[in-house]
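This document opens with one chain alone, in structure tokens, the form predicted on its own.
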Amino acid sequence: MVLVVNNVSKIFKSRSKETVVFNSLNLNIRKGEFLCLIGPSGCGKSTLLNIIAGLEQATEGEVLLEGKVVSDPGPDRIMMFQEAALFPWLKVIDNVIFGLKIAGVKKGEAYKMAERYLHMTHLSQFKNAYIHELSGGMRQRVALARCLCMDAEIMLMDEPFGALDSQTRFILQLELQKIWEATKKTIIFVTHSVEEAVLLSDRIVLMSANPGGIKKIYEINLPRPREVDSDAVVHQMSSVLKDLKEEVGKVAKAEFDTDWCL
């Protein structure tokens, strides 16, 4: 296993109360696998991703990356968010190499690496464009190229396609699958979409309602590329969706009971 989540708990404390996000969570992530985290809102998907990234600290437990404890962000992990967070005053290619410049990579080498990933994300002809000249989908491609350029072993993706229209999202899902197959990166991908999870992943981790935990792990042994309307994909989606609905129902009931008491 490349990454081990070992008895990790996360509790947010305030003056008036403690909120348990998840408790004693355990998960082993294989080298080179595409793993999706799904679950109802508030179950801790993004919090877990942030702990793996080193952006947040676990209250208890530890995350081990190849046997070493994760305590801070590092070059072996790169994060991609729903918002592209690009610099509008820089051209596309300069956005892509920004992290490499900070890391001290020589300009010529950085541009060479950027060209490779711009080609991979079908952005070569837009390398000298400014961000305001691009569509939302193209901006996410720039953000993806920037992540790939850092050549991190693990890519952490927090709903990167969540704000896109369905057509653009589908195109980027296909491109991401091709890139993953070409680069063999380990990808941990947070999504609210069961369809997206089944289309992309080797395994799906379904997290339970708050306090979060792992309700079930699905092995998605379907050949790629996957078609959303194929019988096998539809059957797998139905199975995951049934279990997810149970957890969403718990959240809805808890909110209703709280509102009723108020």
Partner chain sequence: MQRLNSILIGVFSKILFYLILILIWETIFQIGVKWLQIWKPYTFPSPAFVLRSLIKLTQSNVLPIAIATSLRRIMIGYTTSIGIGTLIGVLMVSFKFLDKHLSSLVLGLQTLPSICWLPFAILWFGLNENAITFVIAIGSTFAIAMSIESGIKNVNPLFIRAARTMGSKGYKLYRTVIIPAAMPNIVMGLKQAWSFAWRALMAGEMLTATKGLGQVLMWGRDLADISQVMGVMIVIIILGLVVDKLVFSAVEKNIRHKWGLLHR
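C-alpha atoms forming the largest set that superposes within 1.5 Å between two forms make up the rigid core. Numbering follows the first chain given and starts at 1. Everything quoted here is computed from the prediction, not taken from an experiment.
There is also a form predicted together with the partner chain; it is not shown, and the following applies to it.
Of the candidates Met155, Val190, Leu164, Leu86, Leu86 is the one whose heavy atoms come within 4.5 Å of the partner chain in the predicted complex; the others do not. Stretch 50 to 58 is the contacting one of 197 to 205, 50 to 58, 37 to 45, 225 to 233, since its residues have non-hydrogen atoms within 4.5 Å of the partner chain in the predicted complex. The partner chain is not shown here, but in the predicted complex it comes within 4.5 Å of a heavy atom of Arg146.
The closest heavy atom approach of Gly137 to the partner chain in the predicted complex falls outside 4.5 Å. Proximity of Arg77 to the partner chain in the predicted complex: non-hydrogen atoms within 4.5 Å are present.
With a 4.5 Å cutoff on heavy atoms, Ala182 does not count as touching the partner chain in the predicted complex; it lies far away.
Taking a 4.5 Å heavy atom cutoff to the partner chain in the predicted complex, the contacting residues in 89 to 108 are Trp89, Phe98, Gly99, Ile102. Once both forms are fitted on their core, a CA shift of 2 Å or more is seen for Val92 between the shown form and the other one.
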